[in-house]
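As a starting point, one isolated chain is supplied in structure tokens, in the form predicted alone.
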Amino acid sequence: MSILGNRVLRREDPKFLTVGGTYVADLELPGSVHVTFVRSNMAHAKIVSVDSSRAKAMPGVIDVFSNDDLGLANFPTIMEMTNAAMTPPMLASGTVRFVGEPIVVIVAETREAAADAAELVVIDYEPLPVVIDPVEARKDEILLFPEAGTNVAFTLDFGGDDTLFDACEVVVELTLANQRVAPCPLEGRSAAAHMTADGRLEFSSATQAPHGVRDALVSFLGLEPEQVHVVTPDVGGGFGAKASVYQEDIVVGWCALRLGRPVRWTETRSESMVGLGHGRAQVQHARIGGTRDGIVQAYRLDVLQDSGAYPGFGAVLPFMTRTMTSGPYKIARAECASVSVVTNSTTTTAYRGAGRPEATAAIERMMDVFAREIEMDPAELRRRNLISKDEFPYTTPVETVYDVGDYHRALDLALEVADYEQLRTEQSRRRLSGDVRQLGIGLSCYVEITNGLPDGEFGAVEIRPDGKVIVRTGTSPHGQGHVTAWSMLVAEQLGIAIEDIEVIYGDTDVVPRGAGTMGSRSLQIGGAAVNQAALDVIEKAKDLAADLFEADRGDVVLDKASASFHVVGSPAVSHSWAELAAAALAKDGGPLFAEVDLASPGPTFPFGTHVSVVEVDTETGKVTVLRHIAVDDAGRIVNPLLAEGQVHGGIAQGVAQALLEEVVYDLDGNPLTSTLADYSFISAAELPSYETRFTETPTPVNALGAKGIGESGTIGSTPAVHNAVCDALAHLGVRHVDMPTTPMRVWSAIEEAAARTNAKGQG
């Protein structure tokens, strides 16, 4: 019986539930000094002078450094695609461009001494005009980089067809806000560095991509790869934001080289809220058109992306939005264009879904608006336009090739679980009775892309002399359950108990290569690499067993039940994995081992349907999520327990964006949500028990048939909740409410609709 597809408990959990994890801040570093960054309290200003004399004189302070002291290059452009005139310095030099930008680094014997000294650094600013709104930034009236002559950091424009909507009977359009959000991992950024006795830089980092951190340190500090050793201990959440390398990481490494002492830094929560990259931040203008009987014929999405003060990875994410422009629908004509601009705010980066939730939010909101315009049930409109399962592989109008899917099945199952018709009946009853608590039903049919920038991945399997297994993987988990999943894959192939399998990751000395964990790529490429390495080990073991048996290699088989090899028809005489490991050592002087650098043939496209049921108090605007049904298809499910965990976490973040999360600045660029007292952070009290189901449509893209699952919950849930809130208010004359649908925003929309109705009646 296969272990795959079973609800195997996470091997990682006993440690976390007993002794707890070991994070960068927990590491013992005798003699370490502490770093604190002095950050800008101005959103845009010239730095006239910096006086650090009093800080340097403080007890316990070792030194104070500015960007000139570092002598390091600016960060490069993102993928050589963004405006080269907008690259960020390691520390602000000459000009600050957002509140929270680091200007000075203080190194002290204790964290407290460094923090006290930071208070004594005097910075004289000459204020400059501030632009926070990307719409205003696009006008180029206030320039963050005058030498660039524009605030535009990146564009995607493939031209437009002026006749796109000419054949449509009905055309509707809407401007949507996909608001800026903060990732809020429980563990903020953290780094520690020291020089080893042999002159190497050992660097511990709370990152999603340890090899990326190593490569950045090598590049900026002028070292050779063998001179840098990066270790990633337990990581308390990343959500995409920790896939990037930040200036602070490089500065910590530089300080360790400069001072010859262990150096450590862990950001505070308020630092994290303004320093760790933000997500989303798109203004979208969408148009959709079609026939009155519900056939969508044309769709166009124009995206204005807020890149923050410097164009980081977030600036190029509209490329992923464009990739998924038309969602799961067979729309004959579809276009997407984008402009990314800089503003005086925290740089944006990847955040759970990274460009794909934005695409889904737009098309799903527009499907509901179109359905209302033609007076058709939104579920029926979707059913009529979904791509059929016999049309795959399917090429969309923007030339994205979907691998495989059964979108109608996901929709039908979600509606069945929700008892959709009964919900609509209850909704009608409440509307007719004028109930204060109105019911809203929201749908979201989504398809997303995983491993969208198809990198390969490293995997290795080694049989120890005692017959146990060491697995090495280039992926670097931070809650996903890779140890459990990779153990299951190897156990399935080798017949060895998962308890006898050790999974090693996040150590650049032990794992030579790796792209890391982001973009829901891990199982379909990292797991597939480990799976292939296990198969390769079997082939090597067969060679060894054939020699021991003095038999033809083709006659040697692996009996997984006994985890041993024998000749066909002679199971009584066998050799165990331990014996074959010994044979390998005797023959070649090395372990029984196989490693794989598995190239990715391309991305995969998970899909599904979410249904959200909300109750809106029309007197207060409060929204309560009563039910959330998620039907997700990530191809072959290796472990349903892990998949459900990923979906559960994703739904929480998606619901949070729909209802309450938003990073807010005032007109002077001051962040108004820089602590969790001001930034609305969802808790279990605001969430229902989810109703999850999986369909399995294996992909042909990899040997496992697996697609990604880490971001699907977020991608599917946000528009479902958003549509549900708008649906609850539709009969009151409310066409749309921007996210987040806070009580104030919902109440205001109700009041404005009532005022319009009254004015119309009086007229």
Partner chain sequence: MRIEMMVNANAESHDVEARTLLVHYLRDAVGLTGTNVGCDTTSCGACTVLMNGESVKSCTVLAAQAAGEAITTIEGLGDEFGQMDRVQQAFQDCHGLQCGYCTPGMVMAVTSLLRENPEPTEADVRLGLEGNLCRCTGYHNIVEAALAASRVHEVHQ
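Small disclaimer: the values here were computed from a predicted structure and weren't measured. Residue numbers count along the first chain shown, from 1.
The same protein has a further form, the form predicted in complex with its partner chain, not shown here; the description that follows concerns it.
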Considering its partner chain in the predicted bound form, find the one stretch among 186 to 194, 274 to 282, 141 to 149, 551 to 559 with heavy atoms no farther than 4.5 Å from it. 186 to 194
Can you check whether residue 269 is within 4.5 Å of its partner chain in the predicted bound form, heavy atom basis? yes
Should residue 237 be counted as a contact of its partner chain in the predicted bound form, where contact means heavy atoms within 4.5 Å? yes
Just to confirm, residue 653 within 4.5 Å of its partner chain in the predicted bound form by heavy atoms? yes
Given that the partner is absent here, does residue 661 sit within 4.5 Å of its partner chain in the predicted bound form, heavy atoms only? yes
Which one, 479, 669, 102, 212, lies within 4.5 Å of its partner chain in the predicted bound form by heavy atoms? 479
Interface check vs its partner chain in the predicted bound form: of 588, 597, 112, 373, the one with a heavy atom inside 4.5 Å is 112
Are there residues in 6 to 33 with a heavy atom within 4.5 Å of its partner chain in the predicted bound form, and which are they, in order? 9, 10, 13, 14, 16, 17, 18, 19, 20, 23, 25, 26
